[in-house]
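Okay, here we've got a single chain as structure tokens, the form predicted on its own, with questions on binding and movement later.
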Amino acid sequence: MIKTKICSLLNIEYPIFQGGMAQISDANLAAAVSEAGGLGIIAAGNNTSEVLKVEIDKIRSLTDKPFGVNVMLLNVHAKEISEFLAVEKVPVIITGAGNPGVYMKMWKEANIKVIPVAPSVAYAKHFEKIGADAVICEGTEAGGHIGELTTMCLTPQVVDAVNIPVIAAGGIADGRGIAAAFSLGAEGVQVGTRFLTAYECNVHQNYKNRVLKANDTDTAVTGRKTGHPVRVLKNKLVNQFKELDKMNAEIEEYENLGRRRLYIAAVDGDVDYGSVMSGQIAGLVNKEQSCKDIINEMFGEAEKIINNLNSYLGGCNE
């Protein structure tokens, strides 16, 4: 079985995180991933601490395994949520869209492991300096809010720059992706798109079906002009964003068009005019499975690949 530093750091069986997907990553999905040996993550999204408490209480009723909470630091409730999570003493906090430095001392005093998403080497080095336990390198292949660098390029550069464990994210949906991430020096992987089609994922079935039917060229990036680009599956909403691009529209028009679109897709099931966030790897996701089967299959594949790679050392003998 594949074991890395991240397993002992977080007391998990497999070095895999389930991505904290807003409107999607709830207690049911996170508990199933944690029970299967990975790190299940609840997405705080734009929710208040009252809403988040319901999910935390629920996951603690479903599993006694470690879990995490994803905090988007641009959330207007970020301070309230950050203080609440310290009181709750959640095992792991994943941060994105901001600098967690102002909360780090409070979280560490609560014995919480803090793992920020680092979109560049500079951010990764800064996060290590302020006390992060590990960092997540999320490449532009990922679904949802993205940066510019690919997973293949970003991960090895961050690995060389920091001494804490690095988790690779973006474009990983099978054992090949896991093996590649470890070859780049990562200590673990974060997976989002493949867990969208897990039985335990409560996203609308229309959303799941769009992911299952997607091919390699079915994603697009919207909102680059706003400074917050988002990778989604192509649909009528994407076409509306393209029209704004042609019109050289003001940022406010982009923001108005994008408002509540993820909820419309993930909860209401409108995959024409909702924001169907998904990674470029969606073309590889072609079946619904339990979280346990997903993790077992991915790591079973990864182990075989890593073992087979050793045969290359013997040369090209026939």
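Owing to the predicted nature of the structure, the values given are computational and were not obtained by experimental measurement. Numbers follow the displayed sequence, beginning with 1.
The same protein also exists as the form predicted in complex with a small molecule; that form is not shown, yet it is the one meant from here on.
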Checklist entry - Counting only non-hydrogen atoms, which stretch in 113 to 121, 156 to 164, 178 to 186, 195 to 203 is within 4.5 Å of the small molecule in the predicted complex? => result 113 to 121
Checklist entry - Can L10 be called a contact residue for the small molecule in the predicted complex at 4.5 Å between heavy atoms? => result no
Checklist entry - Quick one: does A173 come within 4.5 Å of the small molecule in the predicted complex, counting heavy atoms only? => result no
Next on the checklist: If we define contact as a non-hydrogen atom of the residue within 4.5 angstroms of the partner, is H77 a contact of the small molecule in the predicted complex?
Outcome noted: no
Checklist entry - Given that the partner is absent here, does N99 sit within 4.5 Å of the small molecule in the predicted complex, heavy atoms only? => result yes
Checklist outcome for this item: The one option of V230, A214, A86, L149 with any heavy atom within 4.5 Å of the small molecule in the predicted complex is V230
Checklist entry - Which one, L52, A282, M277, L29, lies within 4.5 Å of the small molecule in the predicted complex by heavy atoms? => result M277
